[in-house]
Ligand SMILES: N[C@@H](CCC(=O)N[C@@H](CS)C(=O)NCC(=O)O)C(=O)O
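There is one chain below, alone, in structure tokens, taken in the form predicted alone.
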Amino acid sequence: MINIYGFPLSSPTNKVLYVINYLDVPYEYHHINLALGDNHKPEYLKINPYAKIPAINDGDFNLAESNAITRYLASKYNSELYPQDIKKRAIIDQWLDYASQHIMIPFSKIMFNTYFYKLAKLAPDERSLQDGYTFLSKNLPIVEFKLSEYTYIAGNELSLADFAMLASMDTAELSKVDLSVYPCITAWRDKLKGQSFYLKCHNSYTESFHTIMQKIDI
């Protein structure tokens, strides 16, 4: 049984959950309450010594970093989400990196300086907030162009890149980033959000966010 450790508002956590749900293999989910510092408890540090989420435990094997985890899962279960062909893998890896560096990070800047700064007991950083919007205005059109040419992020077949990009955009509504100006992204995103791998995690990320934040009470 694979054990997944994460936090449901974390885009990297959701990326892993989307993939394992799609693969339809059994797993046990362990909620790591970041507000209570669960990620710094000794039992979790044995899984991931640098205290980040998500992480997995598979027997005597521990692994962190969401892209590494999704590649491991797809490889373990021989999934075409990460095919054996080296060039196809390279393209998928390219878009995994693009989603993480050029989409998820800008959204994270917006979310931290709009909401999560309170959990960290820090002041919001207006420059970082505006950087998030600026970077997305430059980077989202690249994704839109790709999806105008192909059905999915890395080509015409669903791949790990789609799960990474989808998770990276989960906070769009909360971040007040209008994705309707990107019709190809919107259609692609709506199609994936209607599938069971996503609905097992959220009917709506925004609804999940508000429910969990109310429990945290900040």
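Throughout, we count residues from 1 along the sequence that is shown. Worth saying up front: this structure is predicted, and the values here are computed from it rather than measured.
Heads up, the form predicted together with the named molecule isn't pictured, but that's what we're talking about next.
J.: Looking at 165-173, 148-156, 183-191, 52-60, which stretch has residues with any non-hydrogen atom within 4.5 Å of the named molecule in the predicted bound form?
T.: Selected stretch: 52-60.
J.: Hey, in the predicted bound form, is I47 touching the named molecule, heavy atoms inside 4.5 Å?
T.: Close contact is absent here: in the predicted bound form, I47 is far from the named molecule, nothing within 4.5 Å, heavy atoms only.
J.: Taking heavy atoms only, is D38 within 4.5 angstroms of the named molecule in the predicted bound form?
T.: Taking the distances in the predicted bound form, the answer for D38 is no, it never comes within 4.5 Å of the named molecule.
J.: Does at least one non-hydrogen atom of T70 fall within 4.5 angstroms of the named molecule in the predicted bound form?
T.: Answer no; every heavy atom of T70 is more than 4.5 Å from the named molecule in the predicted bound form.
J.: If you apply a 4.5 angstroms heavy atom cut-off, which residues in 175-208 are near the named molecule in the predicted bound form?
T.: Counting only heavy atoms within 4.5 Å of the named molecule in the predicted bound form, no residue of 175-208 makes contact.
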